[in-house]
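Encoded as structure tokens, the following chain is the form predicted on its own, with no partner shown.
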Amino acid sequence: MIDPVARIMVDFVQMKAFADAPFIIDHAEGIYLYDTNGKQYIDGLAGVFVVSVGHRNTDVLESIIDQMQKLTFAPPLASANIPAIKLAERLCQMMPPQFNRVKFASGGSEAVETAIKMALQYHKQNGQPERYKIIGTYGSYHGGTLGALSASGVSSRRASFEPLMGGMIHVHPPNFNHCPLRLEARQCETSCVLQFEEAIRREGPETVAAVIVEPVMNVEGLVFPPPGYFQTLRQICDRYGALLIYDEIITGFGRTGTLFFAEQTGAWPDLLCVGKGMSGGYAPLAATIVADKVAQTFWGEPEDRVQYNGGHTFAGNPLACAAGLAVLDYIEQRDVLAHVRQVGPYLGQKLRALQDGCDAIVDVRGLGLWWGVEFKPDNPTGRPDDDVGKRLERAARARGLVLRGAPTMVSFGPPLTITRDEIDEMVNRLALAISDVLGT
């Protein structure tokens, strides 16, 4: 007889092992999760950078219930709906004036997929169908759908499905902590961004459709390039006629202290992909926000047949868009961005205090409410699940803390509503997990 737990497939998890020790969430409140045994956990990852305004936020729930009593689904091939129209308007009002169109999606992968497909169709409809190549970075992760995965540069995520889409080029990431050329940070900043220009030149500028980057790299290890990197990248794309795509699925909606990380770069893209915290986890919702120079390509008379030729059944769903509107209301009315800018440095301070007492910690870095702690490599058995980051992830869960473990890192992205007292509690649980694993 099959164990009922083993009938589902959890993302990136070996289900035989999961079924032996299942982690099943029953309910949640604020920053806390509770499993089916009643054990409490701090949600140090906001689900997966999604639960921006906390679990069971009554303001958001009330808005969803109100919308449920009016309309839960509208035919996407023939109509729009009021919440979708209102949300698109709100998003454009929050953007620079060159952004006036929104294409909704159900999740971040779809939003990135939309941006890639829009870039390809944009060039075709502007008389350059030979532009089909997309340039990204190694170490990036843009999602699980075929196009988004092809643009990603994480071999462990790609290998099972290769060969993927053609035309995907990758250059080294701006990982100043682990520069393969052993350059200083200032040198690395210049060399990393100039790789894009060299790749465009060698591939042939007439063949390159777009460049896609994560403004902050997650899987690579919480990499924050300086503003000059993006400003130079913007100039390179303009010089060669390539579109620039930002994947702000994680960084959007306040994670780094501003609504979008692009505000901190001084350089805006042509296509901005957002999701995750956009709906606070209350409904599947994402979007591609489109600059006018791209959007006008898809605007014409019916006989012109220039409309964007893509869509998804639940994109722009009225319930999801109502949730998105409620999250934006909450962020604005409670001044959540100011709160993030206040408590984010406090979290960094607490983590650096841990570093002072633990020789195994080699770096603490972060911004807003997204922080990582890097450790010296330590793997006593050589198995992937025995990397120090993975061992700390398991130990933290035993101590009632959910965080993300990578080979040499653990990282945090709690709900943006977390308080200083809750940060103290979260860091204390991490300290206990470090003691359990490393004895320090």
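Just so you know, these numbers come straight off a predicted model, no measurement behind them. Each residue number is its position in the shown sequence, starting from 1.
Separately, the form predicted together with a small molecule exists; it is not shown, and the next lines address it.
Contact with the small molecule in the model of the complex, judged by any heavy atom within 4.5 Å, is made by just one of 136, 108, 269, 324: 108. Taking a 4.5 Å heavy atom cutoff to the small molecule in the model of the complex, the contact residue among 260, 99, 141, 282 is 141. The stretch from 348-356, 231-239, 69-77, 245-253 that comes within 4.5 Å of the small molecule in the model of the complex, counting heavy atoms only, is 245-253. Using a 4.5 Å cutoff between non-hydrogen atoms, residue 276 counts as a contact of the small molecule in the model of the complex.
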